[in-house]
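A single chain, nothing else alongside it, follows as structure tokens in the form predicted on its own.
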Amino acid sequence: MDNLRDSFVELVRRASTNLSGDVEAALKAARDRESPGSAAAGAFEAILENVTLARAQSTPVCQDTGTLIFYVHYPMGAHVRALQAQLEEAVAEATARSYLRPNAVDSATGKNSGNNLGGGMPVFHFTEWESDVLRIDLLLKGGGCENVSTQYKLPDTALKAGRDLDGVRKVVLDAVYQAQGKGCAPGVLGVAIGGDRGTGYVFAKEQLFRPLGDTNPDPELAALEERLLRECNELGIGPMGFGGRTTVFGVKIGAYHRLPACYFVSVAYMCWAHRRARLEIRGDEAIFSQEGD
């Protein structure tokens, strides 16, 4: 494909500086549920003011611009290595323009690369499909929420969680309880049931691309999502752990097959700065979208 670097830079800019419409609407609804003058209401007011300023000034919604996770669906015959090289160039340019904070630190030396490029960074997932459209989804996942993401192995005797959906419910509630005051609540939970330890975490993060207002096509998982959303908010943790009616504003669950000996539940906790954006290249046209646009 021809050079798409400028379009890729714009994708990064939008993800970092322009919060998705469904997330902003959820934050406003959460603010309106809190008592006027409460710490929770004040926290939401500050968050929403920050969202407005970031969009107007093309500055990051959060100072931690996080790990960049790209999901690339490409047409047959596309040059994957060239696509990755252009995406990496775009990340370095977006960092130079301050859409991103330099976040790639060499684990052995402690040295920051200065351009968000390094071993394993950014994260790329490439998938060939039959469409002639190039589609790139980008998720920015901050370090604070990544630190409280977690994985459980069922059965969990301490939580009395068995190998069933009620066991899944118990460990997800525990994950939210353990994260209180950390991870920059309110959060969105991407949950994966099954897989192995590695695929579970990847699949859990994929759930974070789902629109907040969608319904799981699996009726049992849809019911579990609805119940967990209600019960997480009944914990009363609230924004930033200040207390309040909204601790989580989305629960998205996917299920993989698993080995008989294994039953993993992976929880990808996402902070209120739930940053994601999509770019589609259709012929010569670049089409950008975010949930709620």
Partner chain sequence: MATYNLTIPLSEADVRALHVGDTVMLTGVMVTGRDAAHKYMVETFIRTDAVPESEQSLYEELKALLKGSMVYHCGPVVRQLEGGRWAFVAAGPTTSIREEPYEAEVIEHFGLRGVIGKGGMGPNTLRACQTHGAAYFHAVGGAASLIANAVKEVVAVYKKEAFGVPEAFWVIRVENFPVVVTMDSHGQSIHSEVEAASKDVLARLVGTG
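Numbering follows the first chain given and starts at 1. The structure displayed is predicted, hence computed values, not measured ones.
The protein also exists as the form predicted together with the partner chain; that form is not presented, and the subsequent description refers to it.
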Where, among 23 to 31, 257 to 265, 66 to 74, 36 to 44, do residues come within 4.5 Å of the partner chain in the model of the complex by heavy atom distance?
-> 36 to 44
E89, A92 and D293: each with a heavy atom within 4.5 Å of the partner chain in the model of the complex?
-> no
Would you check, heavy atoms only and a 4.5 Å threshold, whether T150 touches the partner chain in the model of the complex?
-> no
Looking in the model of the complex, any heavy atom of A158 within 4.5 Å of the partner chain?
-> yes
May I ask you to check whether V202 falls inside a 4.5 Å heavy atom distance of the partner chain in the model of the complex?
-> no
Does at least one non-hydrogen atom of F126 fall within 4.5 angstroms of the partner chain in the model of the complex?
-> no
Sequence order please: the residues of 228 to 250 with a heavy atom within 4.5 Å of the partner chain in the model of the complex.
-> E231, E234, L235, G236, I237, M240, G241, F242, G243
